[in-house]
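Next comes just one chain, in structure tokens: the form predicted on its own.
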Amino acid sequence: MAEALLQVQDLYKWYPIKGGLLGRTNGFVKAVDGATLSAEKGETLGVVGESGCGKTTLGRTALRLTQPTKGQILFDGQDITSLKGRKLKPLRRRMQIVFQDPYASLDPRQTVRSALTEPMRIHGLAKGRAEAERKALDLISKVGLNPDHLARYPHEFSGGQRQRIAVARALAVSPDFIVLDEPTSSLDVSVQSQILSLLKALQKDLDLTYMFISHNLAVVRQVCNRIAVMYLGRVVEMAETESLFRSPKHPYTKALLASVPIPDPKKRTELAVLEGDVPSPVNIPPGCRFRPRCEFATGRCAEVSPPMKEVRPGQRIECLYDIDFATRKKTEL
């Protein structure tokens, strides 16, 4: 088994709901509610799930962009859960993020040159302006743009070019780990392919580790080595990519894959639709949180919160049963 670069253990991120004249806390939005996963060195770990399941909050909390409510975050063997200020600064260089909307994540008053050289100066990675300029030229070339683009502002670029700049900015501090938060969802399909190819080439050349957050299962299958499936703030299934697509074991994963449109009309069937609505992250149901929408649920599912168990080598699910979806036979784990 490869060495884990990032380990997240029982991670929680709850946002307080305040109300009344005194601003008292009336409840919590449980965005991440006990998530556990790991990213191995050099791999691309996919994180998928419906909108609002906590994917982005998990990525931001793992990077310590937001303070976790409780749990543990290990980066390269170091516990970074409670680090603050100067102690956290060296890790900022090693951990970076590419946001979903490149236009919103780039400073409109900052040239590309400034966006790339500023983090170098902050982390002491360039000795003087000449070296910073040289490194910026190298970065802009690596992401497929021209040297004259360094003098331009974000509004002068297309969406695909802006995302290339966002990738170059993340690479400016020579990181080891990058969270890619839906980096292609706002781009045209042809541009998506270019950005994905760029990310794969950069990973190979620079020995990067990615956490790839997306709701596009076709993209995830193309770029990820392993996949973590999230539902209501928890990881409910984790497996190698082809194992998960070939034989999903959790009912939610099965429903997600069944909802993907098939381009071949001869193989096309009516898309599977999950019954019911996603429960509120404020009032999560007891027991298995997927129980209200699961056709295989039993009375025991309402009483017991299922632990994560391995159903086959490298594939783990958070369910009380190992289900054969063809025969509908349930085997208790």
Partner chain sequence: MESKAGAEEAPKSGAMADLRYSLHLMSRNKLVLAGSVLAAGTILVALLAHVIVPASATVDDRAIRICWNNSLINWHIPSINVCPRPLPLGTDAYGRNLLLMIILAVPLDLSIALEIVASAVVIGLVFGSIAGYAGGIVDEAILRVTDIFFAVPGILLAIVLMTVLGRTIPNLTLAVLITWWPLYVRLIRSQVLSEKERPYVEALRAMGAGRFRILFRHVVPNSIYPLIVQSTLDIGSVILTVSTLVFLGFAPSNIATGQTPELGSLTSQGSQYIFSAPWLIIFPGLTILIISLGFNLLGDGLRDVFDPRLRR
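No experiment lies behind these values; they were computed from the predicted model shown. Numbering follows the first chain given and starts at 1.
The same protein also has a form predicted together with its partner chain, omitted here; what follows describes it.
**Q** Within 4.5 Å of its partner chain in the model of the complex, counting heavy atoms only, one of 107 to 115, 133 to 141, 73 to 81, 205 to 213 shows up; tell me which.
**A** The contacting stretch is 107 to 115.
**Q** Answer yes if any heavy atom of His155 is within 4.5 Å of a heavy atom of its partner chain in the model of the complex; otherwise answer no.
**A** Residue-level check for His155: yes, a contact with its partner chain.
**Q** Find out whether any non-hydrogen atom of Leu65 is located within 4.5 angstroms of its partner chain in the model of the complex, and reply yes or no.
**A** Looking in the model of the complex, residue contacts with its partner chain include Leu65, since a heavy atom lies within 4.5 Å.
**Q** Report whether the minimum heavy atom distance between Met95 and its partner chain in the model of the complex is within 4.5 Å.
**A** Result yes; Met95 sits at the interface with its partner chain in the model of the complex.
**Q** With a 4.5 Å heavy atom cut-off, would you call Arg169 a contact of its partner chain in the model of the complex?
**A** Close contact exists here: in the model of the complex, Arg169 approaches its partner chain to within 4.5 Å, heavy atoms only.
**Q** Would you confirm whether the three residues Arg60, Lys89 and His123 all fall within 4.5 Å of its partner chain in the model of the complex, going by non-hydrogen atoms?
**A** Checked in the model of the complex: all three residues contact its partner chain.
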